[in-house]
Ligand code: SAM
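To begin, one chain is listed below as structure tokens, in the form predicted on its own.
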């Protein structure tokens, strides 16, 4: 099997299950020169379904890019819900705002521009209601820090998802010097050691290659 085969399966899944309603966002991102690192359409639909499954009304996203995954999450929370999304690059945030407005979900999304590790303490000081879902898809070296902040901003039963942790299988290499691989191992080991979390990692293949995501649930005292 090759990446081309996996992409063909993705194409079939989009045609039959996912739909093509957000392809304009991907085209707009490409036209604006944003890196093509959005989640794939099937992955976007999966995020949507996770948020719907836990009846999420508040979602925190670390890493907006052009707002493709943000749009899926904003649709999941409904008209009364909110997505707070953190983006380092002002240009990316501006592209995302346009995309979200065109998708009809702009009023549900609060885009905060700046380094996430600067924005997260400000957000915590606001003492917001806990987030039901946290999706982390930003600079990989800070994944463990983002999970620690997610724990402060969630509740028992909340879901934390960290994207791109498998790194083409490189996470199996304990001697890797790649900073993203080392960060992926760090966040997986953090989830394993943290008594307030229970999690796993699912490997994925598709048009974007071989990767995977960490999925963790915040535990309560009775769990």
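Everything numeric in this text was worked out from a predicted model, so none of it was measured. Positions refer to the first chain, counted from 1.
Below, we refer to the form predicted together with the named molecule, which is not included among the displayed structures.
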Using a 4.5 Å cut on heavy atoms, which of 160, 187, 65, 59 is close to the named molecule in the model of the complex?
65
Please pick, from 138, 147, 103, 153, the one residue with any non-hydrogen atom lying within 4.5 angstroms of the named molecule in the model of the complex.
138
Which of 74 to 82, 111 to 119, 126 to 134, 95 to 103 lines the interface with the named molecule in the model of the complex (heavy atom within 4.5 Å)
111 to 119
With a 4.5 Å heavy atom cut-off, would you call residue 32 a contact of the named molecule in the model of the complex?
no
Taking the shortest heavy atom distance, is residue 37 within 4.5 Å of the named molecule in the model of the complex?
yes
In the model of the complex, which residues of 182 to 220 put a heavy atom within 4.5 Å of the named molecule?
none
